[in-house]
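Shown here is one chain on its own, the form predicted on its own, set out as structure tokens.
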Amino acid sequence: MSGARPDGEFRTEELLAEVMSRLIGDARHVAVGAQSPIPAAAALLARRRGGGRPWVSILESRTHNFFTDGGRELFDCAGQGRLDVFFLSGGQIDGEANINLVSVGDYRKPKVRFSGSFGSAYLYFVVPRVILFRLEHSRRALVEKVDFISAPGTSSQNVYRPGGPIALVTPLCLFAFDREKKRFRLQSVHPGHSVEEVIENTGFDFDRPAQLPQTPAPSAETLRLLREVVAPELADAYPRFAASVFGIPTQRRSGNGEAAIRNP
């Protein structure tokens, strides 16, 4: 996704961070799991815009994380209703917002094995606003029906479920999720892409309005915040991402144990 960024333009990562940040809204507490640098950037951007709110917990960060017991404390926090927004992805995501983090093909003889479900099913049920994201928008990633349901997008009416998905963000577009219809609705298409491209690369059916807006590009002030304020904060948990996308020098430990700066 990354590439050269001429002055006045933006990278895909910056656009996606802006879209996710807007989806966070007026949340009190946002948490970001492992290997999620763009959601982490979005959460830190939302905090800067909100003057310190929401609280941001990034599990891989030593600075932006007030948990002392890692994932277990995060699960307790979510179960107590003290977590408003979380981010989930999957090897496959289908049109009912089911996600697959286990395998592709026959479960007994899979073609592809993913890293595992971890706590996705639990968090999907208890966090009120789950933002789905997938950095590959293709028919193999966004499928009609997932091969294995790690976490279901919806539940029957007799199941107590305060949590669930609100949206799906990809490099091509933004989908909103309708929990009653159990369907996605195309909300906007990102600059440089088209509805036809989204249809061609999406394996599930979705609703869309007759007149579809374009996703607003990040403003100059948003790009300033991302590049000058958020990026240095992000480097704590995601040094390689901050270096490759924003040009933040990475840190390594020198022989005497002190931090040394290394340019990417």
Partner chain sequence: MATIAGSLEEALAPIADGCMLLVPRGNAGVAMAATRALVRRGAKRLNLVAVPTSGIQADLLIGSGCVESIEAAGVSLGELGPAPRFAAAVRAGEILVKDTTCPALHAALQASEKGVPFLPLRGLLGSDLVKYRPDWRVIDNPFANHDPIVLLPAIKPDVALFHAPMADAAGNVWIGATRELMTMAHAARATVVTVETLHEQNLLDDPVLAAGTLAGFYVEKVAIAPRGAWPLALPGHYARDEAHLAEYARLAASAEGFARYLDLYVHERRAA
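Predicted model, so just to flag it, every value in this text is computed and none were measured. Numbering follows the first chain given and starts at 1.
Not on display, but discussed next: the form predicted in complex with its partner chain.
Participant: Does at least one non-hydrogen atom of residue 27 fall within 4.5 angstroms of its partner chain in the predicted complex?
Facilitator: Residue-level check for residue 27: no, no contact with its partner chain.
Participant: Find out whether any non-hydrogen atom of residue 203 is located within 4.5 angstroms of its partner chain in the predicted complex, and reply yes or no.
Facilitator: No - in the predicted complex, heavy atoms of residue 203 and its partner chain never come within 4.5 Å of each other.
Participant: Does its partner chain get within 4.5 angstroms of any non-hydrogen atom of residue 149 in the predicted complex?
Facilitator: Contact check for residue 149: yes, within 4.5 Å of its partner chain in the predicted complex.
Participant: Looking at the partner-bound form in the predicted complex, is residue 216 within 4.5 Å of its partner chain by any heavy atom?
Facilitator: Heavy-atom contact with its partner chain at 4.5 Å: absent for residue 216.
Participant: Its partner chain in the predicted complex: within 4.5 Å of a heavy atom of each of 130, 171 and 178?
Facilitator: No, the candidate spot makes no contact with its partner chain.
Participant: Heavy atoms, 4.5 Å, its partner chain in the predicted complex: which of 109 to 117, 181 to 189, 130 to 138, 89 to 97 makes the cut? Say which one.
Facilitator: Looking at the partner contacts, the answer comes out as 109 to 117.
Participant: Check each of 77, 166, 143, 121 and return the one that places a heavy atom within 4.5 angstroms of its partner chain in the predicted complex.
Facilitator: Contact with its partner chain in the predicted complex is made by 121 alone.
Participant: Quick one: of 196, 228, 69, 207, which gets a non-hydrogen atom within 4.5 angstroms of its partner chain in the predicted complex?
Facilitator: Contact check passes for 69.
Participant: Let me know which residues along 28 to 55 have a heavy atom within 4.5 Å of its partner chain in the predicted complex, or say none if there are none.
Facilitator: The stretch 28 to 55, when checked against its partner chain in the predicted complex, contributes only 35 at the 4.5 Å heavy-atom cut-off.
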